[in-house]
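A single chain comes next, written as structure tokens; it is the form predicted alone.
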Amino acid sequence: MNTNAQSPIGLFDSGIGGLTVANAILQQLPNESLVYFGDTAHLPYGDKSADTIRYFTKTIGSFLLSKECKIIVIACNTASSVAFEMLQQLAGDKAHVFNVIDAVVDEVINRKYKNVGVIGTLGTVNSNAYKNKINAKNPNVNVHQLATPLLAPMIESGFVDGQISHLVIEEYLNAPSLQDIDTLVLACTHYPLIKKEIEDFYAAKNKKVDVLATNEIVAVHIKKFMIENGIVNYEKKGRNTFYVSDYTESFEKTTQLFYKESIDLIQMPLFK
């Protein structure tokens, strides 16, 4: 495996939702260098076939491996649910590969939740990745899933913490399948941007529901792994590079919703 602490961490997502994971990782590991790829030409992944997502993942994974990344994070729940094992095989002994599901599943089990709600894209929900992995560790946990396909494009368009987002969130969270849950897993890396709105929804109804955002949990998990394996960069602060498969000025402005500082996006047409 790549044990060079100065090598970068690679991340990718269908768009910019994965920047919530990138930001969380740098909060935990401020000296690391990041190489991020947003496949904006093909977003969203949530309505694509599993074979198509695996093709995108293989192409982007090969690009990140060419950058000598020590770790590759599939910062997308949909790709994590259908392409994780394939990317592990592709990476072999060149890089450690992480998804954004396993660490959250462990958190659910460790906190001993009994009635778990999961919201995400059609691809994530239809894969049953969360349900299968949670029940493999504890078959007594009740997992209630709901596809929420309007949320990611709503967030990508900047509709956060306003009348439109309040109405859409309320419509989804009032679904019968999400009643009587003790935790809600935000199974999309876009959703941390509406975590507070979701918490406010439950607070207004005096409901005690813990809301779990994948970005924070995954970042802590990766930090622990890197410390244990001696690959944390303790030297000077690294350099971050952000690529997209398609570029627009409006898209670059939207990235500041996801990432707390201004970034320059480099167009990289991997798919020809």
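The numbering used is simple: start at 1 and walk along the sequence shown. Just so it is clear, the model here is predicted, and its values are computed rather than measured.
Not pictured, yet referred to below: the form predicted together with D-glutamic acid.
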Check whether C188 has any heavy atom within 4.5 Å of a heavy atom of D-glutamic acid in the predicted complex, and answer yes or no.
yes
State yes or no: in the predicted complex, is some non-hydrogen atom of L43 no more than 4.5 angstroms from a non-hydrogen atom of D-glutamic acid?
yes
Close approach of M154 to D-glutamic acid in the predicted complex, 4.5 Å, heavy atom
no
In the predicted complex, which of 117 to 125, 163 to 171, 198 to 206, 91 to 99 comes within 4.5 Å of D-glutamic acid (heavy atoms)?
117 to 125
What are the residues of 48 to 83, in order along the chain, with a heavy atom within 4.5 Å of D-glutamic acid in the predicted complex?
C76, N77, T78
